[in-house]
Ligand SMILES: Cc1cc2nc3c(=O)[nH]c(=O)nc-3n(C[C@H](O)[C@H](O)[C@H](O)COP(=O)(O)OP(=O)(O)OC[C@H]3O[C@@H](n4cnc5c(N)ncnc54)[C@H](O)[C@@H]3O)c2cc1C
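Only one chain is included here, represented as structure tokens and corresponding to the form predicted on its own.
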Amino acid sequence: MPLAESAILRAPRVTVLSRPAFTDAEHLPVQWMGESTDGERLAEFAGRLCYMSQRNPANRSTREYLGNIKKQGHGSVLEHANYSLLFEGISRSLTHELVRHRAGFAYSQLSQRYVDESDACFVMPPAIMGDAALEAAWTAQVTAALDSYVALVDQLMDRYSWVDDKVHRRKMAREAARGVLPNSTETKIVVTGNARAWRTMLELRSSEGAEFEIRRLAIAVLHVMQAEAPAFFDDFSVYMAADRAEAARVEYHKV
């Protein structure tokens, strides 16, 4: 059956689920200066503890302090600040790349064994978008794959009708039928990472050499994180690359 236009996704959605909450240690008061978020204060507190410099002898604001941290490459204090994001409107092809970032990250992803994909959405690859012939060919392919999935689930439910547990039977059918679904199938994933890990991921995946879809996601995440904690990500800058897609560069590498 025809695929609804609403089932074709052309951009990711990024939602912040959690951010750090900082509580002052009253017996080790820091001389705070300037505006800051809880995550930024947590990182500053951790850094100042190393040298017992809570009195702030250089009279730096939190964001100036963290700017110096990045410049010096002392990124370990950024590992204390964790942010959880929900990604939607991304493909399973993208998450195969995303989960390669292990250190400092945790992942929880939609399971195709348990979730019925008969009304699945599909993420159109950015390289295809804007070309009518390519879009039509791609849409035909994912539509055929979805039709095959629905038919296979029905056939497998009949094949295993002797399995009394209907939940288990559905799982058996879906885990086998999912094999015909393409990498373009939309997935949802919760990703938790510390600020240092997010910086590393964004440096690698927002660059011109990154695959288009994950690069698009990285740019979206960068905008979100620059609003959440400017001092951790303000050395990233977005520009239009030669391939006519946005990319980003960073001033302080591998902090």
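Don't overthink the numbering: it's just position in the shown sequence, from 1. On a predicted model such as this, the values are computed, not experimentally measured, just so you know.
What comes next is about the form predicted together with this ligand, which is not displayed.
> Quick check: do R100, R205 and G209 each get a heavy atom within 4.5 Å of this ligand in the model of the complex?
Verified in the model of the complex; spot residues all in contact, yes.
> Of T187, T200, N194, T37, which residue is found within 4.5 angstroms of this ligand in the model of the complex when only non-hydrogen atoms are counted?
The residue from T187, T200, N194, T37 that makes the contact is T200.
> Just one of 100 to 108, 129 to 137, 159 to 167, 84 to 92 has heavy atoms within 4.5 Å of this ligand in the model of the complex; which?
Single hit among the candidates: 100 to 108.
> What residues of 223 to 255, in sequence order, lie within 4.5 Å of this ligand in the model of the complex by heavy atom?
Contacting residue: only K254.
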